[in-house]
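Presented below, as structure tokens, is a lone chain in the form predicted on its own.
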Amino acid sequence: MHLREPGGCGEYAADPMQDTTQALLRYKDLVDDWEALVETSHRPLPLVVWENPLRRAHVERLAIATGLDRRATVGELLASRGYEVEPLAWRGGAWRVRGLDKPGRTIEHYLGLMHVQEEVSLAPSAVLGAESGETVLDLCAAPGGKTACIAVGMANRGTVVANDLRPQRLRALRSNCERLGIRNVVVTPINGTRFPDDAGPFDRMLLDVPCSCEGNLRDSRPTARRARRNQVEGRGGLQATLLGRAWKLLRPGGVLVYSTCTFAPEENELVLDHALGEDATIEPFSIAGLRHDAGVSHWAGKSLRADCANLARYWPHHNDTGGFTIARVRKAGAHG
């Protein structure tokens, strides 16, 4: 089995990627190095894995059985078998791995010692910063890589509600949670636009909305979708509705991370500008070692709320990753 979890939002169309340059052309004025963006978007994504701290005892046993020091990491286990391993500059316990074509067939994967996930899709959970004991909602969760990052980061303490509209997409999420030893996730198959108001309040929320998936242009799978203009323009209503519902479920003082694996302001800044009110603040943030560009406060002749500039847009050529856009939004008020 070839295993590579995508950036995460939306289903894939059946047609392969075509004409990357044309798909990105509308962003030429936003990008610092147009040629570098196009060139990078035609290259396949690096394979990235992260070590599961919930299985640390099993990593130690496998290390000893392999003849390594018990303190060895998953990265060192893979390196001992001849794979080229490079630690991520911005996240501990994660590596780019070269030469490993089928990570799903490794003992480390079978035992839940590691998880495969596209690098930049690790960023939303880092920005969310969920803590042990909190109650967190991942409203559009499947296939669950971000859910797993959140739950593991909480050390299995607290509650993560992982929701997705389509029950069949939740099978992969449940399977990953079982394999990784995650016990603090509750799975719900509910339409996110109608998630019950009385289910909250939640301390933190991840809203990784269905989108046009432009950032997945580097995905080499034959079923990877390519972005089309009508897909970009047709998603905003659903995204705004999901954000409006999520905002009602967030406690005062709570944090919501809105993310897409797309570049389009129509699916990012314009959605936030439309759906957020005066009780919301889009906060600035940065991740050391992971470069981003600021959001825009003007697009297509429209002036947007000033704090839209605090969004982070991750272009593939800046970090050799897929594409992503992330906003960290805090709700006014104190935890009551």
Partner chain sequence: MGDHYLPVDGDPYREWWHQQFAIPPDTLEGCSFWQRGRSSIWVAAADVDPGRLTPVDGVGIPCLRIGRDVWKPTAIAAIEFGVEACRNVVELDTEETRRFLDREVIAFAADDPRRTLPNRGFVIARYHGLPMGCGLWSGGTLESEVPKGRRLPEIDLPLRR
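Worth saying up front: this structure is predicted, and the values here are computed from it rather than measured. Positions refer to the first chain, counted from 1.
There is another form of the same protein, the form predicted in complex with its partner chain; it is not shown, and what comes next is about it.
Participant: Closest heavy atom of residue 282 to its partner chain in the model of the complex, within 4.5 Å or not?
Facilitator: Result no; residue 282 lies far from its partner chain in the model of the complex.
Participant: Is residue 169 close enough to its partner chain in the model of the complex to count, meaning some heavy atom within 4.5 Å?
Facilitator: Residue 169: no, not in contact with its partner chain in the model of the complex.
Participant: Is there a heavy atom of residue 207 lying 4.5 Å or less from a heavy atom of its partner chain in the model of the complex?
Facilitator: Outside the cut-off, so no.
Participant: So in the model of the complex, does any heavy atom of residue 127 sit within 4.5 Å of its partner chain?
Facilitator: No.
Participant: Identify which of 79, 72, 238, 111 has a heavy atom within 4.5 Å of its partner chain in the model of the complex; exactly one of them does.
Facilitator: Comparing distances to its partner chain in the model of the complex, the residue within 4.5 Å is 111.
Participant: Considering 256, 217, 185, 261, which brings a non-hydrogen atom within 4.5 Å of its partner chain in the model of the complex?
Facilitator: It is 185 that has a heavy atom within 4.5 Å of the partner.
Participant: To test your reading of this chain, name the stretch in 28-36, 59-67, 268-276, 303-311 whose heavy atoms come within 4.5 Å of its partner chain in the model of the complex.
Facilitator: Result for this chain: 59-67.
Participant: Can you tell me which bits of 82-116 touch its partner chain in the model of the complex, meaning any heavy atom within 4.5 Å?
Facilitator: 83, 104, 105, 106, 107, 110, 111 sit within 4.5 Å of the partner.
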